[in-house]
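What follows is a single chain, given as structure tokens, in the form predicted alone.
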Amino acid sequence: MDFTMYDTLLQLPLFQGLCQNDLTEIVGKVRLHFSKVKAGKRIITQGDSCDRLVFLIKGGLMSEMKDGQGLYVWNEYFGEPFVAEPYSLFGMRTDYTASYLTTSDADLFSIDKNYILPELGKYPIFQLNYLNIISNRAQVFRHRLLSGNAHSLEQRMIHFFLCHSERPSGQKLLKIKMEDFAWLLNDTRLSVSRALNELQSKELLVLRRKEIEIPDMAALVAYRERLLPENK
């Protein structure tokens, strides 16, 4: 295996810590599907069976999650390195929770599910990396749910954004009608509009027709932390 391949695999969280001999064995036993995809192409569709691990090694992706009631669409943006929904590979529901589209020309590779346990599962470091990713995600989302002391409308609004975010940083986009957002937050359309405009005045949001853009989720989370009672 050449050093370019070795360095590429080591960029990915699931392969970090493996030695070159282990990676050489993996490449010899496991079929890796490499592809170059143009910008704007859908590579995964929400609801499809998660039968592979898809890795972004160069470029950008956007996730697109449509809620079951058809009220909104949640978009999140990712750069390399990134692996799409490793938590959806096993469990009671093994379908993708979102669609994924390229936001730029991208280099991807994927590994079929059939290779994960029989081959990659033989390597303790891969097992540990995979378990850490799954466990960390479960712990983070549990903490978000239990720490949602959202007293004000602004806090409830930010908590909604945070609970939909795979990562608490980066750009997000919510496509929704104002009256539907108000209904989800159990408040009036006027109050929600005022709160959104207040956050926009602080340069934490950008409002457009039926769209709420969050340029940097980390800044919004930091603002939320300052609003919590225990921080006052």
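So that there is no doubt, residue numbering starts at 1 and follows the sequence shown. Note that the structure is a prediction, hence the values are computed from the model and not measured.
Only in words, not in the display: the form predicted in complex with a further copy of the same chain, which the text now covers.
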Self-check item: Residue contact check: Glu179 to a further copy of the same chain in the model of the complex, 4.5 Å heavy atom
Solution: yes
Quiz item: If you check in the model of the complex, is His164 within 4.5 Å of a further copy of the same chain, heavy atoms only?
Solution: yes
Quiz item: Should Tyr115 be counted as a contact of a further copy of the same chain in the model of the complex, where contact means heavy atoms within 4.5 Å?
Solution: no
Self-check item: Touches a further copy of the same chain in the model of the complex: Gly79 (any heavy atom, 4.5 Å)
Solution: no
Exercise. Pick the stretch from 27 to 35, 200 to 208, 184 to 192, 53 to 61 whose residues have a heavy atom within 4.5 Å of a further copy of the same chain in the model of the complex.
Key: 184 to 192
Exercise. For the three residues Lys41, Ser110 and Gln171, verify that every one has a non-hydrogen atom within 4.5 Å of a further copy of the same chain in the model of the complex; reply yes or no.
Key: no
Quiz prompt | Residues of 119 to 134 having any heavy atom within 4.5 Å of a further copy of the same chain in the model of the complex, listed in sequence order | solution = Gly121, Pro124, Gln127, Leu128, Tyr130, Leu131, Asn132, Ile134
